[in-house]
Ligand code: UD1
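Take a look at this single chain in C-alpha cells; it is the form predicted alone.
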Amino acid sequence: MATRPERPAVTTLNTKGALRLKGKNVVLAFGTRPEAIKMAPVHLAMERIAGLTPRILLSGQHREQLQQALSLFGIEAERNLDVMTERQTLPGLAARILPQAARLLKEMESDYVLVHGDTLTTFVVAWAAFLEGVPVGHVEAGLRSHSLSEPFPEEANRRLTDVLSDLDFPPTEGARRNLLREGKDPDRLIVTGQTAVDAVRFAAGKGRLPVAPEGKQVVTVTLHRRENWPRLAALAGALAEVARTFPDHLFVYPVHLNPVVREAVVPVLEAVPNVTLLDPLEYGEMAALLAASRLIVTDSGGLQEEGAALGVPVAVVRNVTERPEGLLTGVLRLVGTEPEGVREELSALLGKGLGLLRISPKTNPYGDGRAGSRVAQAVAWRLGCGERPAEWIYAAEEASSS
C-alpha cells in the first residue's frame, strides 16, 4: 500500500472559534451511546493538544440516543455510516460496516484511529483500519470475562480488537495483566483509568432527575443484554415481585429501544405501581438518576463503573463480569441470571442494608477522572507530538506496592 505524503500543518478555526494547529488526523470511531459517552472525554482532551485534529466517525448503531450524548459534551460528528436496519443481524451489520468504514477512513485521511470497548463497531472498524494500514488505539482494552458467551458477542469483539491494536489503553492494572498474558508489548500498554469515570462525574451535575421519588428510595434498573433475552420476561417477573415486596422503593427502568427487550419487559412491569418504565434517557438525566439511587440493577458493563464512580452499589445480573475490581472492593455483587436467584439476591440486598460496601468516589477502582487526558496524550506521543503520559495507579495498588 502506498504511503500518503505528509500534509502540511495549517492553522484553522474549529467549530468553537478557537485557533488550533491542524496536524495529524485522529478518527474516533464508535456507534453506540455508551461509546460516545466514554469517548467524549478523549475528544475534549485531544482538542487541547496542538498537532492533533480529532474527527468523529459514527457507524449509526444508535441514533437519537447517541446524538443526545454528544450534544451534552458539545461535540459534533463529522461522518455517519448509518448502517442500521430494523432487526438487523450481527453478520449483516458487520458486512455493512466494514467496506463503508474502510472507505471513509481513507476519505478522512486518517493518521490514527481510536475505537472503544467491545461493540461490533469497535472490532469491525479496527479491522477496516488494519486492512487500510492505519494504526489503531483501543480505549478500554484488556477487559476479560474469559467466556466467549458472556457477554456475547462483546467478549469476542474486545479480544479480536486487541489482536489488531497498535496501542492499548487498559483502564486498570488487572486489564493490563490480561494483555500481557496474551503477549502484548508492554511498551504499547498505558493504564489510563476508565473514561466512564470522567464522563459520569461531568454529566451528573448537568442533568435533572427524570422522576419524582416522592419520598421513596430509588432503584435504577437496566436489563437488555443479548445473552439475557431468552429469560428477560422471567427476569422482569422477578423484578416485579421484588418491587411489590418493597413498596417504599421506586424502581425506575429506562427500557432499551430494541423491540425484543420492550416486548419482553413492558407487559410484565407496566402495571406494577412502584415501577416506572421510561424511554431511554438523555445521558445527563441518566447520570442524575444513578447518583440519586440506593441500588443499581443492571446487566450493563458501563453502569458497573458508573455506579462505582458515584459511590452507588451495583447488582450485576450476570454470571461473570469483565470488571472484577468492583467485586474486590464490594461495590459490585454478581446476582446471576436465573430469575428466582435474582429475586432472592435483590430481596436480600434491599432488606439488609444492601450487604454491599459503598465506596468513596475518591477511592474508585476504575479511575480518577483524568483518563481522557491520558489517552489523548498517549496518542500524541505515539504520533510524535508529545511525551508519553504517566500511567494511572489505583490508590490501593500504590499502597500495597510501597
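One rule holds for the numbers: they count along the sequence shown, beginning at 1. Note that the structure is a prediction, hence the values are computed from the model and not measured.
One more form of this protein, predicted in complex with this ligand, exists but is not displayed; see below.
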This ligand contact at N258 in the predicted complex, heavy atom, 4.5 Å: yes
Exercise: V272 in contact with this ligand in the predicted complex, heavy atom 4.5 Å: no
Proximity of R181 to this ligand in the predicted complex, heavy atoms at 4.5 Å: no
For R48, is any heavy atom within 4.5 Å of this ligand in the predicted complex, or not? no
Would you say all of K24, P54 and E76 touch this ligand in the predicted complex, counting a heavy atom within 4.5 Å as a touch? no
Among 106-114, 78-86, 230-238, 201-209, mark the stretch whose residues have heavy atoms within 4.5 Å of this ligand in the predicted complex. 78-86
Among R294, K216, R159, H224, which has any heavy atom within 4.5 Å of this ligand in the predicted complex? H224
Of the residues spanning 119-133, the ones with some heavy atom within 4.5 Å of this ligand in the predicted complex are T119, L120
